[in-house]
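Form predicted on its own, single chain, as structure tokens, below.
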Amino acid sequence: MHNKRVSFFEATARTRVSTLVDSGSFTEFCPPSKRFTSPHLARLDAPVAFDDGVVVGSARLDGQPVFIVAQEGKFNGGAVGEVHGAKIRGLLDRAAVEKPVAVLLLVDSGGVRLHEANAGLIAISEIMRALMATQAAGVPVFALVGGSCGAFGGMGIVTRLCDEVIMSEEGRLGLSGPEVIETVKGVGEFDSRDRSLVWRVTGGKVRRALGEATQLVDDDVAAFREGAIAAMSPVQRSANDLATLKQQHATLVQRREKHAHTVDGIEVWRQAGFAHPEGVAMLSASAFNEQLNTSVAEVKS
């Protein structure tokens, strides 16, 4: 780990990996030297990457063995294609066999690669199946979301399948991205140029308030590291039995009823008990978590 602060949002996938895990512990699977590039991009004379925009491998985190995936948002927006998806799915399959303490998905993706639409969609479905098989084998999967592309489309769904979702305020999570919604439904439905609105609807603070993110951390690789280490604790890990799943489903039903007409994160924060919801964007992660925990405790009491 580096002593100086490293912005998770600004870092490349390889920088995130090297600064997140224990120093010198990362071993890459299918490295760039293997030159597994996308055949679909090549046929279109589009630029290719020798790692196809995703880094996968094994490492140690706080001395414990983990597998790690890091998508490169700066290559095709971290979009999933055939080779990109196969690398993620292969790592999850291997995790189910070798059983590391956890799998870390450093998600930074706008969804499926349009150049490889069908292959990308199939890859997403294979990732989902492999992820659930890994969880069934007793290996938890944690999503870390704080990159410039967020977690949208198929990778947004994959993120919500994970045992833990660790986000920064800069991270975003959703199904369809703001630009897609605006294109289909018009600017009156969602103005993608209103960056403040975009983060109030899809950003880490609103996702944490809604319970979709389990942790909110600062935009610092060290903070994400601490969050992942905390998530590996057996005390923190929640059960995936039928009773727990039913309770989670009931919670989602209640949330849908509570927010049936909610259109802005400010409304979510107000209903969550924040005294000054308009100022939530200015709060640090620790201040936000403190206020959220206080509000939750007051509701329970």
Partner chain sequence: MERFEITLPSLHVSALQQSALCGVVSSGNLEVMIEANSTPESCHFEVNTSADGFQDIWRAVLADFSERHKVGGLNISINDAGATPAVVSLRLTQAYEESQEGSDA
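What you see is a predicted model, and the numbers here were worked out from it, not measured in a lab. Positions refer to the first chain, counted from 1.
Another form exists, predicted together with the partner chain; not displayed. Remarks below refer to it.
Engineer: Is there any non-hydrogen atom of Asp219 lying within 4.5 Å of the partner chain in the predicted bound form?
Structural biologist: No, Asp219 sits far enough from the partner chain in the predicted bound form that none of its heavy atoms falls within 4.5 Å.
Engineer: In the predicted bound form, is there a heavy atom of the partner chain that lies within 4.5 Å of any heavy atom of Val48, even though the partner is absent here?
Structural biologist: Yes, contact at 4.5 Å.
Engineer: Quick check on Gly273: any heavy atom within 4.5 Å of the partner chain in the predicted bound form?
Structural biologist: Answer no; every heavy atom of Gly273 is more than 4.5 Å from the partner chain in the predicted bound form.
Engineer: Hey, in the predicted bound form, does Ser23 get a heavy atom within 4.5 angstroms of the partner chain?
Structural biologist: Looking in the predicted bound form, residue contacts with the partner chain include Ser23, since a heavy atom lies within 4.5 Å.
Engineer: Given that the partner is absent here, state which listed stretch (74-82, 221-229, 164-172, 135-143) has heavy atoms within 4.5 Å of the partner chain in the predicted bound form.
Structural biologist: Careful reading of the contacts points to 74-82.
Engineer: Between the options Thr244, Gln64, Thr251, Ser33, which residue brings a heavy atom to within 4.5 Å of the partner chain in the predicted bound form?
Structural biologist: Spelling it out, the residue with a heavy atom inside the cut-off is Ser33.
Engineer: Need the contact residues for 5-25: heavy atom within 4.5 Å of the partner chain in the predicted bound form, sequence order, or none if there are none.
Structural biologist: Heavy-atom contacts to the partner chain in the predicted bound form: Thr12, Arg14, Ser18, Ser23.
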